[in-house]
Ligand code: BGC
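Take a look at this one chain, the form predicted on its own, written out in structure tokens.
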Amino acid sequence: MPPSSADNQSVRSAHSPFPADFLWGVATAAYQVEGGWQADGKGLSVWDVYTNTDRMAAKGETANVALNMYDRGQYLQDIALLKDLGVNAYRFSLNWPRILPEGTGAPNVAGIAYYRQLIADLKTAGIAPLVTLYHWELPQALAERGGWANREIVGWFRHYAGVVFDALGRDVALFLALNEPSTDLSFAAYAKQFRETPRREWVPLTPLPPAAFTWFPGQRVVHHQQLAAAAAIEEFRKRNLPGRIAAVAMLLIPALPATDSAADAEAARLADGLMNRIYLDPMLKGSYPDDVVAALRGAGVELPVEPGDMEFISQNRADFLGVNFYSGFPFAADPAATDNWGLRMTWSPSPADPYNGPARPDLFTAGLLRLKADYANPPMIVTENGTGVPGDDELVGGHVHDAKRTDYLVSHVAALGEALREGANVEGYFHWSSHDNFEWVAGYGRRFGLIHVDFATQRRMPKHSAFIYRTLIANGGRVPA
């Protein structure tokens, strides 16, 4: 089990801020890597429909095969690669309709058996599993009943979590309920827009998932996500399980004022509220931020908080916080914007820029220290951090020298080390991702992995960044001169 804050402080040395038992990991998500989309009684997820029916991903691609990790022979080879990488932890998600094909009801025995075997194989290799209950694999059957907009999903998710904990809870030390709730909402909004566009053409999302905050009006999902995560935590604790659980892996997006003007400062604060504080405050402070509630109310939106809800969320506080970090963005006031809360993101990406925004390791340090200062320094695990850059993953002469990813990795591990030196209570770091995989609406056109994958042949090959990550792990977060 990851060390406590006191243990962390006791084992850090002057040479490295990373304790000897720090979690060094890599991460994936079920839909992006498993394949086996109709195997052994699995039900449909919304992403099966987005890609197979709506053809929403680039070039009409699907993850029906993906990296073929539903096949044990294949994933055993991948576990061997992870072991050679030197990681001691692996974060992956469960595909909800693989376990409950209709989202509720009786479990699918074959689906549970697959995950039980995967967990056993990881542990045999000396790799600890961090299991995410939900990484956007919403059962299509539940989407047709309103999905996250239906308050009944709190009960549906509670039932699903209970099935998982009964089957796997004593074999897993770390669970996480929801991954990046805000991004999940953005993809759902994108799917709705895609279906309503007459030409139904794929248009890439901007690097900032909630680039337009119009998904808030009329939506009831933010509060339902909070309640569902709290319900999962309650189910976990009812069983007296030996591990720990997080409510969310939070997509932390620092919002910067574009200029020194008071208007831009206020715009950045509202952007921060819509992206960050609306999730962090209920979990860690017990209430929604007043300025965000006022902004929503001004737009005619009321969060559907019922009597007892906030007490329930507060009573089921997580054991740690998952933090996903990629970049931060500047915001300016834009009074002319009628559909974007008077906000304008002023960073304009060029074709050579990283897919998820500019490399800002300084904001990584600042973001973690902000959580320390504003939220009483909760135990944290960096559940995602990484990058993809056009042209960085070219296979040349049997090698991939992904220099930009390597630079990003080294600088962000150093930034994490600085946050640790300044007292941030961070227990682990998971690189996104272990492998190149299916990147949602971008299909197979964007690569984020340390391991190169030939999607036609399923051949794997570690990139230069993989060898550097192994060096960082072996040397306490440093690359020896």
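All residue numbers refer to positions in the sequence shown, first residue = 1. Worth saying up front: this structure is predicted, and the values here are computed from it rather than measured.
There is another form of this protein, the form predicted together with this ligand, and it is not shown here; the text below is about that form.
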| item | value |
| --- | --- |
| Contact segment among 363 to 371, 110 to 118, 321 to 329, 76 to 84, judged by heavy atoms lying within 4.5 Å of this ligand in the predicted bound form | 321 to 329 |
| Contacting member of W136, Y288, Y190, Y408, with respect to this ligand in the predicted bound form [4.5 Å, heavy atom] | W136 |
| Proximity to this ligand in the predicted bound form, single hit among S186, N356, N316, Q140 (heavy atom within 4.5 Å) | N356 |
| 4.5 Å heavy atom contact, E427 and this ligand in the predicted bound form | no |
| Residue contact check: W37 to this ligand in the predicted bound form, 4.5 Å heavy atom | no |
| Heavy atom of Q225 within 4.5 Å of this ligand in the predicted bound form | no |
| Interface membership of N95, this ligand in the predicted bound form, 4.5 Å heavy atom rule | no |
| Contact check for E384, W440 and F448 against this ligand in the predicted bound form, heavy atom at 4.5 Å | yes |
| Any residue of 142 to 159 that, in the predicted bound form, places a heavy atom within 4.5 Å of this ligand | none |
